[in-house]
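The data below hold one chain only, encoded as structure tokens and taken in the form predicted alone.
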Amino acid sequence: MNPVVSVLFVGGVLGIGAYVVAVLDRAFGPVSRGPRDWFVWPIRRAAFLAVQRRTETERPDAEAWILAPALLAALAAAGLTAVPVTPSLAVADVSAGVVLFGAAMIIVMVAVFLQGWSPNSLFPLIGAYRFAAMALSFGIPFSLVVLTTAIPAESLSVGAIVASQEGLWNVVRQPLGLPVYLVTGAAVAFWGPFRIPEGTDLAGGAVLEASGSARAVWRIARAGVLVTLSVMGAAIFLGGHLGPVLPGWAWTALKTLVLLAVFVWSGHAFARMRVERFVWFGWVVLLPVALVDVFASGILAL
């Protein structure tokens, strides 16, 4: 794909996806006022943030503060490039696509830490350290369930993994994989019950000092991470573009929307966890379940 077209395509998918996240968030939220409000609210909120004055702190790291949301958006874009939308439409279906995706999602920790550290403020810094503790707990199970989908395909290419599900989706072959992926994916995007670095007990944590356009860009970038997680989940667990009657891109979009709705719904359905509880949950529950998924998939493959 032409580089300019690739940039426009990835940017368009993430932009539309971020808008859909905002619409779903409003629809599932406690103050939902009907479909018209769902679709207008994201635009109204973005316009409000665009004219809001940016917060200034004493001796911030201004360059890193600007870099943080840009890095988060870039990581979402990098992970998205590895997913083929149809058999003939892919930005970069590289031979190690799931490794590229996994690396991009784990490096989200760096973007969040920069966001919390840059303002030179106490609560954002605590939020940054919280996410570092979280990343150590979800990183291994997240990587394991993603890489395990490569076992039936005998390839790390996302296109090959999708093709290997022609007769049976991985969500059936590896029933433990998708639930672990959804939980750890929500943690990667610090969403819903895992909005720990931005906890209300820290008055907003990592984004406490972010306001105006900076806060809007951060929110859009975080929504972009959710979109990338949903697109990849649809590809490696739900067969991606495979399906009858409808064209491949429509199946990819439909499956992505389903996972995106699950992610957004979880943000309103479950209470936020305490960081120490999440660390325990990651090591004592998620990691063993992910290992069982690996062993079961290996035995099935043999």
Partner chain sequence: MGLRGWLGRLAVGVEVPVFPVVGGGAREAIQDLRLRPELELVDSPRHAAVMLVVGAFPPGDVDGLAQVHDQLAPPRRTVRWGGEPVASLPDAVVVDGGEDAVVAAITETFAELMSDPDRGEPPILPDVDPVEWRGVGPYGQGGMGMTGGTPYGRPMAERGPARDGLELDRVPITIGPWLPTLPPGLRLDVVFQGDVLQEVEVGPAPIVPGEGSDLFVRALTEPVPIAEMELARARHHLRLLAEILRVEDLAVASRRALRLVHGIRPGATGEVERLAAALVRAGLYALALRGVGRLDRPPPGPAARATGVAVDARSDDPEYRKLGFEPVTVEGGDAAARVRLLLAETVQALELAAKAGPARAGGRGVVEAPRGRLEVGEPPPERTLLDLAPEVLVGQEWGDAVTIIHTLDLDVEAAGREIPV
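Residue numbers count along the first chain shown, from 1. Just so you know, these numbers come straight off a predicted model, no measurement behind them.
The same protein also exists as the form predicted in complex with the partner chain; that form is not shown, yet it is the one meant from here on.
Of the candidate stretches 23-31, 256-264, 229-237, 242-250, only 23-31 has residues whose heavy atoms lie within 4.5 Å of the partner chain in the predicted complex. Contact with the partner chain in the predicted complex, defined as a heavy atom within 4.5 Å, holds for exactly one of Gly159, Gly139, Gly199, Pro152, namely Gly199. Residue in contact with the partner chain in the predicted complex (any heavy atom within 4.5 Å), chosen from Val146, Ala186, Leu80, Ala210: Ala210. Looking at Leu67, you'd find every heavy atom of it more than 4.5 angstroms from the partner chain in the predicted complex. Although the partner is absent here, Phe123 sits close enough that one of its heavy atoms falls within 4.5 Å of the partner chain in the predicted complex. Of the heavy atoms in Leu168, none are within 4.5 Å of the partner chain in the predicted complex. Interface membership of Arg130, defined by any non-hydrogen atom within 4.5 Å of the partner chain in the predicted complex, is confirmed.
Although the partner chain is not shown here, in the predicted complex the stretch 37-53 places heavy atoms of Trp41, Ile43, Arg44, Arg45, Ala47, Phe48, Ala50, Val51, Gln52, Arg53 within 4.5 Å of it, in sequence order.
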